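Below, in structure tokens: the form predicted alone, a single chain.
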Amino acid sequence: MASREQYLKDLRIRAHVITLGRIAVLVLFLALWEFSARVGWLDTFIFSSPVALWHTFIDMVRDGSIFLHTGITLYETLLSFMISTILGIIIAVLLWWCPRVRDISEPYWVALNSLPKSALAPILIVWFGNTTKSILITSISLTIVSTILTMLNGFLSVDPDKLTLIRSFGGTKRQILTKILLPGNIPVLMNVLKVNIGLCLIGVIIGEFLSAKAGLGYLIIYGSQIFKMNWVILSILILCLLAVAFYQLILWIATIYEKRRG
């Protein structure tokens, strides 16, 4: 019992040390950045500085523009994330359900997965117009094929002895799907979610670079065109924070699931 308590205590201490270390690295980085800007080691017109970015952030909070651009990017990211994940799982289930269709379509899925998705963005904008729809489709195209292939591979990797056992008791294909495949591939799904949320954010930014009138991607492009580098760097920092927040949210959900499962 004492050894278990000591082990848990060591884990808590390790977690605190890691958290403090991360904060220290961030503070040191910001301090060096600000110091380099003040002494002239960095050109503040190009690289800005933490204090200048803070003032820019406050100004954009006052006029509400930062909420507009961040909110639009957040909405497009979450919507494309949900669509690509749900649609990818449904298609993976259909491919597992119909082996002949899976065998016929396999080389086409592989070909689609190997395509450089960012190169498709200009074509998608021509097809679907300079609208939010083209941004969403660009983001979805970045994730849906990998979701399909990853989930399908998870379905096909289930222990065949389990499938034989449930069939021997008269289990139907639907029961195999709902009782074995889907519950057994929750860890695979969690990994898919961790990857997809980042890729959807990247896809949205690519779409906003080419087709947007608002959003963080638009702010980056527009800011670089009029040499408002504070806008550009601030938008990039917000994107980093969003990516970390999304990942931590998925990680938190996965942790809760593992605790309930255990």
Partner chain sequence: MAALLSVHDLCYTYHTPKADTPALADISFSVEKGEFVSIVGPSGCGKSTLLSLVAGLAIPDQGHITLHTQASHPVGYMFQRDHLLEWRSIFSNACLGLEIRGAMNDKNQENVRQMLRQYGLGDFMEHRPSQLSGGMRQRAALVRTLALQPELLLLDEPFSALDYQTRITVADEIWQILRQSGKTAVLVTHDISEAISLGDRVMVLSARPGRIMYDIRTDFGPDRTPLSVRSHPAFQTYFQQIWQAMVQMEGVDHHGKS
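These numbers were taken from a predicted model, which means no experiment stands behind them. Numbering follows the first chain given and starts at 1.
Here the subject shifts to the form predicted together with its partner chain, a form of this protein not shown in this document.
Proximity of R167 to its partner chain in the model of the complex: non-hydrogen atoms within 4.5 Å are present.
In the model of the complex, its partner chain stays beyond 4.5 Å of every heavy atom belonging to I91. Although the partner is absent here, D159 sits close enough that one of its heavy atoms falls within 4.5 Å of its partner chain in the model of the complex. For the chain shown alone, L78 is not a contact residue for its partner chain in the model of the complex, no non-hydrogen atom being within 4.5 angstroms. Contact with its partner chain, judged by heavy atoms within 4.5 Å in the model of the complex, is confined among 131-139, 79-87, 111-119, 172-180 to 172-180.
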